[in-house]
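Take a look at this single chain, the form predicted on its own, given in structure tokens.
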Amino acid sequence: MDNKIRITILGLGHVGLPTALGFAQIGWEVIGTDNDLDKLDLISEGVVPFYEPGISEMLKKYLGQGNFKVEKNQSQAIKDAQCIFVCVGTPQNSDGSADLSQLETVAKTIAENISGYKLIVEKSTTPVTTAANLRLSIQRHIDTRIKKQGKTSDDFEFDVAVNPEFLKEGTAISDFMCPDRIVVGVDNEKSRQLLKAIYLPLFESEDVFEEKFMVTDVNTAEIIKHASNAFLATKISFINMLADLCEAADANVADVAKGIGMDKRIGPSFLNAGIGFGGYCLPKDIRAFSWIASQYGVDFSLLREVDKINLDRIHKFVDKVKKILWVLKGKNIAVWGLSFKPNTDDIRESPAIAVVNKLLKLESNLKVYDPSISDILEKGGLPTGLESIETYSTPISAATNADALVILTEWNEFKEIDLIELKENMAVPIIFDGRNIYESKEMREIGFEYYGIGLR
């Protein structure tokens, strides 16, 4: 393979845009397109439509250098590329299944614009056999085109591969540039070689590359992505289940997590007790994975319990606040954090939003701060029902004269706060820490009434 591989990214969201800029950084010519024309206008002007550390600088750099360009004409973007990465959304249907309508639209658009060989790479998180169905759909549309235009099938050569994304919001760029693995599902050697050529420049040597480059069939690659997210969600719900036991038995879940995490078979990551996981991926993916299993007659009741435990975290946390504060109506409660995790402005399925909703229904007066609050308000606003909450520009101003503080997202800014100043500004120094970002002993020594999750 030469150095002139041209890549098109279909879908410039939280996965597509970091992927596009990552490929641009390692030297490929990248075309980005999306069916949201307003989003394309922003990106073409160097404006990122969501918060992600480091990505704004990369966008401006590679737009300026010309190896990343925005194309509104999707047909042209497909014609111009040798390899097409599909990064469109797969939202959740009411029954938990994935809505694949955007992929069907992509299949038709690709089929109508294939000229020469194309490798279509499914990067969106999709149910097993989606790649096979994508291939079938593209071929059907091509067959229609052949009949209309009188061409032969040799004029429309393509392969479909699977390359699941493992990008975390907040660290998407570093995850792309320093991957712990690259999984590709392919049907033939030609696809494998092209994907190898695309990703090889990320690594210092071919030996290092081969250690991290995993090749499977397409169905297996699709399952790997769902299985990864399902396992991470299971670890989170497991430690939260233990947190409830620790509270009931006067034990410390932080020490339990450390103790079991020291076992190399378990590891310490995703063992932080709190108000549960959220965001666009984990909740959606475990429900989709459960639905997939049900279609094959396989019992995935374990994942349904994982989901149930996670949803119950919100009720348990608010019940604790109610029990300690007694009457919530009219009380001034400071809220730190709205995003589902730090270093993002993403509030989709955020546990913090769920807690805020419940506190509002209990008629509390909420004083809210999040480091990304300006981005949240500018790029979509707060969800229906939350428009009237008071937002503040600093964590201390939100906590001033508050009867209690609830911490719902573990931003580093909160960990580094001047705790003495915080205590002096609060009307009543009570903290409900939904992310266990502080040491309970230290907080009580300072003079706070402090309540974490599963802590003594």
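Residue numbers here begin at 1 and follow the sequence given. Nothing here was measured: the structure is a model prediction, and the numbers come from that model.
There is another form of the same protein, the form predicted together with ligand UDX; it is not shown, and what comes next is about it.
This chain lacks the partner; the member of 353, 194, 271, 77 within 4.5 angstroms of ligand UDX in the predicted bound form by a non-hydrogen atom is 271.
167 is the sole member of 382, 167, 182, 223 with a non-hydrogen atom within 4.5 Å of ligand UDX in the predicted bound form. The shortest heavy atom separation between residue 341 and ligand UDX in the predicted bound form is within 4.5 Å.
Contact annotation for residue 337: none of its heavy atoms lies within 4.5 Å of ligand UDX in the predicted bound form. Within 4.5 Å of some heavy atom of ligand UDX in the predicted bound form lies at least one heavy atom of residue 229.
The shortest heavy atom separation between residue 281 and ligand UDX in the predicted bound form is within 4.5 Å. Not one of 244, 316 and 454 comes within 4.5 Å of ligand UDX in the predicted bound form, counting any heavy atom. With ligand UDX left out of view, the stretch that reaches within 4.5 Å of it through heavy atoms in the predicted bound form is, among 196-204, 213-221, 159-167, 328-336, 159-167. For the partner-free chain shown, just 435 of 420-440 comes within 4.5 angstroms of ligand UDX in the predicted bound form, judged by any non-hydrogen atom.
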